[in-house]
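Next up: just one chain, as structure tokens, the form predicted alone.
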Amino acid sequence: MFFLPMQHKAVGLAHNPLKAIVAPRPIGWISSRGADGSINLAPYSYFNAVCDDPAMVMFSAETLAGGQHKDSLRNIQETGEFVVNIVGEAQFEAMNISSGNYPYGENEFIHAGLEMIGSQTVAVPRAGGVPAALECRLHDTIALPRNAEDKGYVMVLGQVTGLYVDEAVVVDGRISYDRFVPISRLGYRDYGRTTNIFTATRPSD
């Protein structure tokens, strides 16, 4: 079958399959602080690393009709800082709780029962117990095209200013996926666990 974007129902697909096709996707569990000092923690599945030198990451946050921003985006635009908390199997339930639609200013760390740990290079806390976290300063925001309902996304590009790694997930100088089991976002309401790892060498190796 072939169809144009957002025309999936014409070919018998009940839901837009884009997220199911582009999968698995890492989860950017973003903590941020507003100009008023309020703290926010929310997961984003449009997230990934962009480059490693300089170290940069990106995530995209939805904006609603009229330009209403997600709390994370609002905070980052106000203060220019955020932290990407990495989600392992042990963090899944807390991550899911933090995805709730809470009023601005309510602290999702509290809702999810998480400790706030101070960062080293930014004034935004990381979540206690995470296997790793990336402290970031805002590099740029890019407004992406809006749809017919005046909804759209803003891509946030951040430069990594510091990395936290729990020593418990390091084995022989390398991150061990077995030690924390990364959780990924699939399509619909589906998630995945990274448990079946294999190694391959390139021909040039």
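Remember, it's a predicted structure, so these values are computed and weren't measured experimentally. We number the residues from 1 along the sequence you see.
Unshown form predicted together with a small molecule; subsequent notes refer to it.
- The stretch that touches the small molecule in the model of the complex, counting heavy atoms within 4.5 Å, is 65-73, out of 134-142, 65-73, 171-179, 156-164.
- With a 4.5 Å cutoff on heavy atoms, Ser99 counts as touching the small molecule in the model of the complex.
- Under a 4.5 angstroms non-hydrogen atom cutoff, the small molecule in the model of the complex lacks Val57 among its neighbouring residues.
- Remark: Ile86 does not count among the residues lining the small molecule in the model of the complex, judged by a heavy atom distance of 4.5 Å or less.
- The closest non-hydrogen atom of Met95 lies within 4.5 Å of the small molecule in the model of the complex.
- By the 4.5 Å heavy atom rule, the three marked residues Ala42, Ala61 and Tyr191 all count as contacting the small molecule in the model of the complex.
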